[in-house]
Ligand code: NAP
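Below you'll find only one chain, the form predicted alone, shown as structure tokens.
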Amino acid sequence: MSSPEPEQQRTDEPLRVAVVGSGPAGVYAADALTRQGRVPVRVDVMDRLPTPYGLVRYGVAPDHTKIKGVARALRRVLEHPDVRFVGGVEFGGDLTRADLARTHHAVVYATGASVDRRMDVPGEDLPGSVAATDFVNWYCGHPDTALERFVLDAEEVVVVGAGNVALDVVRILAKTADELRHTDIPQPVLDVLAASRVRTVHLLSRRGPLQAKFTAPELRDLLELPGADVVVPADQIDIDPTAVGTGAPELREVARAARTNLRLLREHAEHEPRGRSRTVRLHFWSRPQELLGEERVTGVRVESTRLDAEGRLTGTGETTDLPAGMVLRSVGYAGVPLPGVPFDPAGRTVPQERGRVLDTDGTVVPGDYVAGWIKRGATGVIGTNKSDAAGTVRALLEDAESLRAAAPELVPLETVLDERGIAHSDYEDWLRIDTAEADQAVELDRGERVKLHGWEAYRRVVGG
């Protein structure tokens, strides 16, 4: 049994902490700060949007209702008396680091990894070639994404990637509107999906089934689509399970979860297609070599791949062309630089040690901390952010005395917001949006919630 941490001297003045980003990492940081009970705190969780929860609201596929239940736990954190939600405030635009230095003892950056990595192949910038995050934002109702961004008029679509997000994208494209009706997809988006002309979705995985990053629950959801045939290439999953872990490079160093994926794929490959209206085709050992077309994407030139003796991915030189009117890339996510905050362009993260932000010379930046994907890269699941944030908060609390000494007199956040003329939203405004979405679900007879669509809808509910 570990010995308890030494008591820290309490003070009447709470440690004031700003958390930039209200997704899981940011809210879990607020949770860790308020749970510790040794140092009195006041936490402002700030977000550019009037809605909290970040990735849970705008990244989790709408048909994953159990995962969306995480929002209930995050809600309890935001309703803690020592936590305040400050929406409609953009770091680097409305407020700078210098502003927050006047109002808080410390800042925790929890802004995630918000942009897709590129494939870097010819034709990638043709119309019809888009980042998967754009499509995810669209079907999740992110207010920055216009309804007209996607019309789904292509009969064949190629999705590049073999992670959970790639499978989400494929599943949403392959489902019918009736299958999505019970979800929280905004009604205008559901109407576009109902008119979709997509009939075939190809999923390209650069490596084999044992190297794919998707999890077994995600794969199972895809294979069990009620309205689409999922075609698994039997020759690519013809792998003896007893040989996994030894022998050829593609069999070595295989994660335990990959064995489950292989079993699911092998079982599914035994079933014949049933002639459903939509088809999903999985392509392992396939990578895009070039996107074809002149005025817009018309297809993808795909090169077969393999692992060499050292386990490195290499092309075989054999190519095939797949027709496609739209290509969605889901090959990883990257963080974006924050104004005035050190940034590692190679790792696309904020340099840090135990959550403390480091300057370009490796020295600690006093008062600056980081949590979540912008700290460690786009790895792990939603729950991973809880332990990650707790580690950052431990370092922050170790620094509490020096943080107070460095900023003995602070001004209220409202003072700076008023100076800048920034009309922010609060948690009560979010509850108004929450109620409006529940009411909309009742009106449309569509489950528990239907998201509002677009900035104008938010403004009608909260005003301004």
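Throughout, we count residues from 1 along the sequence that is shown. Owing to the predicted nature of the structure, the values given are computational and were not obtained by experimental measurement.
One more form of this protein, predicted in complex with the ligand, exists but is not displayed; see below.
> Please tell me which of 200, 103, 114, 164 lies within 4.5 Å of the ligand in the model of the complex, judged by heavy atoms.
Spelling it out, the residue with a heavy atom inside the cut-off is 164.
> Quick one: from 379, 319, 363, 387, grab the residue that has a heavy atom within 4.5 Å of the ligand in the model of the complex.
Contact check passes for 379.
> Quick one: in the model of the complex, does every one of 138, 291 and 324 get a heavy atom within 4.5 Å of the ligand?
So, no: the whole triplet misses the ligand.
> Quick one: is residue 284 in contact with the ligand in the model of the complex, heavy atoms, 4.5 Å cut-off?
Output for residue 284 is no: heavy atoms all beyond 4.5 Å of the ligand.
> Taking the shortest heavy atom distance, is residue 207 within 4.5 Å of the ligand in the model of the complex?
Taking the distances in the model of the complex, the answer for residue 207 is yes, it comes within 4.5 Å of the ligand.
> Could you confirm whether residue 213 comes within 4.5 Å of the ligand in the model of the complex, counting heavy atoms only?
Because a heavy atom of residue 213 falls inside 4.5 Å of the ligand in the model of the complex, the answer is yes.
> Is there a non-hydrogen atom of residue 91 within 4.5 angstroms of a non-hydrogen atom of the ligand in the model of the complex?
No, no contact at 4.5 Å.
> If contact means any heavy atom within 4.5 Å, which of 262-270, 348-356, 75-83, 325-333 contacts the ligand in the model of the complex?
Only one stretch passes the 4.5 Å heavy-atom test: 325-333.
> Which of the residues spanning 46-73 lie within 4.5 Å of the ligand in the model of the complex, based on heavy atoms?
Result: 64, 67.
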